[in-house]
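Next comes just one chain, in structure tokens: the form predicted alone.
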């Protein structure tokens, strides 16, 4: 196989297929390569949340809000049902210390434009049944939503193919072709593909691609373990997180210093229910390299934490578990943009647990930058060169 394209995208998850789709709308000849299949990585082993409340006030939340607007019409645009539902969401608060943190968090989110408020425990119970009595309150936003991640991945892929994108599954990149400091294509297990622009959208595996061109990317795989219930009648309304989830996400150093095993595993509630009735309960946040296995300890701590916050879940039967690795970065923001000193190499990875929320806006911004040299949002905060690559 010897092929040519204007742009070569590495990675067939929601980020890679979104980028391929929006580039194809710009009339680019695109080839996307995926080592396994769509949704074989984080896009197929995650929850379903497009939750605004978990985003740090600032550009992170601004990107998420822009993406949320795109989601409203995305099923129609892709001509594919992605399972989009906007039912709101809440973050459960257990202590006065957490309440103080969340009050500041909410105040700053409101300044960005998020519709969010603090509820008493009694008010929160009107939105979600079965909450623990010890909760002191919750935050609530009507702007939170969820989708089916596999349908989203396939929706972008099918729409991209309709626009002429060639998608090569079971195709592993084995090397990057360079002429001096210029990237000119890739070598794969299926042959050579020449392209003046290569986009690294390989998620948690992006550092391995980076190493092929001498880059040490500040992206680390972070495992998340999730339990799945049998289908049950509607029980979880919208998306439910815990304030501990926010702490685990943005303050990993706290996890390392704690003697609490659940805290060390980064356990924080992430609760939602699928269209078919399955309840998804997550998740851990563990730095264990590329170990994709579930552990008895991890799932035990996830379920123990969930039933402590929502005791009604004790009545549910859980039928399977899953895990995946998310691409963590030190500042919680992805790397999106051209790499200085390496012409033709573009980064689009490091979204950690925000790949679903940011997939549409990431694809649009990447396509804009490549086609016009600019985009509709300020992307300086996610410039990959902020890490001095």
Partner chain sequence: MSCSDDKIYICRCEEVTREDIEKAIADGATTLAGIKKRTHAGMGLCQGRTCSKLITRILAEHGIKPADVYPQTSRPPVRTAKIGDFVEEDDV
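Positions refer to the first chain, counted from 1. Here the structure is a predicted model, which is why all the values come from computation and not from measurement.
Keep in mind the form predicted together with the partner chain is missing from the figure; the text below concerns it.
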Practice problem: Decide whether residue 158 counts as a contact residue for the partner chain in the predicted bound form under a heavy atom distance cut-off of 4.5 Å. | Solution: yes
Quiz prompt | Heavy atom of residue 163 within 4.5 Å of the partner chain in the predicted bound form | solution = no
Quiz prompt | Exercise: residue 61 in contact with the partner chain in the predicted bound form, heavy atom 4.5 Å | solution = no
Self-check item: Any non-hydrogen atom of residue 143 within 4.5 angstroms of the partner chain in the predicted bound form
Solution: no
Quiz item: Okay, which stretch from 316-324, 64-72, 354-362, 329-337 lines the partner chain in the predicted bound form, with non-hydrogen atoms inside 4.5 Å?
Solution: 316-324
Quiz item: Does each of 86, 268 and 286 have at least one heavy atom within 4.5 Å of the partner chain in the predicted bound form?
Solution: no
Quiz prompt | Listed residue (52, 49, 31, 39) with a non-hydrogen atom within 4.5 angstroms of the partner chain in the predicted bound form | solution = 39
Quiz item: in the predicted bound form, which of the listed residues (263, 215, 119, 154) lies with a heavy atom within 4.5 Å of the partner chain?
Solution: 154
Quiz prompt | Neighbours of the partner chain in the predicted bound form among 295-310 [non-hydrogen atom within 4.5 angstroms] | solution = 296, 299, 300, 303, 304, 307
